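This document opens with one chain alone, in structure tokens, the form predicted on its own.
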């Protein structure tokens, strides 16, 4: 069993609070990703789970048993670091076998058999007699993973293990890690600052900032239903667009945008009065771009000018500014189909669909209104 309970966990280094009152329940066999910007406390949290740091307050339990002061070797966890930490003088076989040398339940023959099983699982069986210096980055990463797997632990702890790989190999290793975790069915806690890794690999994500837990949930839940502006901005590339303004008239007002609300949105912001600060958010892929007013209902539509087009092949990232903008900055970023030709300097009608907008409290950043996830049980009706 590999269930982990993190209860009101806090870690202080002198006057610095690195982790502040974090609580998470991690299910047996779950792939949980801790994600956030550098310095947010995710690695410190992982190190406390591993036993490499002692909590200042709170509790860590494995299957209900308190392990705050249990030494790392008695926690039945295996850790994979950003630095592969391979022994350069040992062969791949020696590196894989090293973790089993102190295991009294294995004979020498059983250790060799286990090493060869794991090597075949990771497709490095033909590399067993090579040394780390003779391996590529991807092969070294597989050896580091193998050294963790060979011990058959209850929990895998991974601290940005793919960050040293190039983009193509990193994408390949993401897939392989998911397949391995599904096959081994071992609880995995994975730390990364890369939200693409977090979105594509996790069963659930934990978003952290400044040592505090911001939101826990499935990747699509955090993407479509962020609990605050920080989560909305951090998850997604390009990031969500934000327009700062206030509650006024029959909707949202800012220096550049007047946006009327429908009845569904009105109910979400009913507690706000005219003049209260409000932020409107819209994902780039939800923005609709039109060449001609005849093609679109002009409600929720603004005239804008294209400042930059970034062709990505399957899509175009389109930077837009308001026609009357004095600074000619990027007021909105939209995504269009890659087969559509859009020229820099083109004037377009830009529609922000009411069913796709998010609203955040302008003072606290808390979400007041999110678009709903479309499911079989609950279709989007906004």
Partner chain sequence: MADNGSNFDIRSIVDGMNHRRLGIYVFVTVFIAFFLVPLETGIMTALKSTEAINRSLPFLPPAGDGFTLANLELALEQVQRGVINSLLMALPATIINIVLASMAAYGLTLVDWRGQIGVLLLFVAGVFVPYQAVIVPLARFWTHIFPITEILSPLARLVLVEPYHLELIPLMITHVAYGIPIITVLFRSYYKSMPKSLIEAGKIDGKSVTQIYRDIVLPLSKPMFGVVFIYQFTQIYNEFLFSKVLIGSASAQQATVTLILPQIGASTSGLDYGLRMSAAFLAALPTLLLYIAFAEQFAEGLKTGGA
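Quantities reported herein were computed from a predicted structural model and do not represent experimental measurements. Residue numbers count along the first chain shown, from 1.
FYI, the form predicted in complex with the partner chain isn't displayed, but the following is about it.
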property: Distance check, residue 147 to the partner chain in the predicted complex, heavy atom within 4.5 Å; result: yes
property: Contact flag, residue 77 vs the partner chain in the predicted complex, heavy atom cut 4.5 Å; result: yes
property: Contact label in the predicted complex: residue 72 to the partner chain, heavy atom within 4.5 Å; result: yes
property: 4.5 angstroms heavy atom contact with the partner chain in the predicted complex for residue 99; result: yes
property: Location of the partner chain contact in the predicted complex, chosen stretch of 91-99, 247-255, 233-241, 263-271 [non-hydrogen atom, 4.5 Å]; result: 91-99
property: Interface residue in the predicted complex among 67, 50, 352, 348, criterion: non-hydrogen atom within 4.5 angstroms of the partner chain; result: 50
property: Proximity to the partner chain in the predicted complex, single hit among 151, 229, 111, 300 (heavy atom within 4.5 Å); result: 151
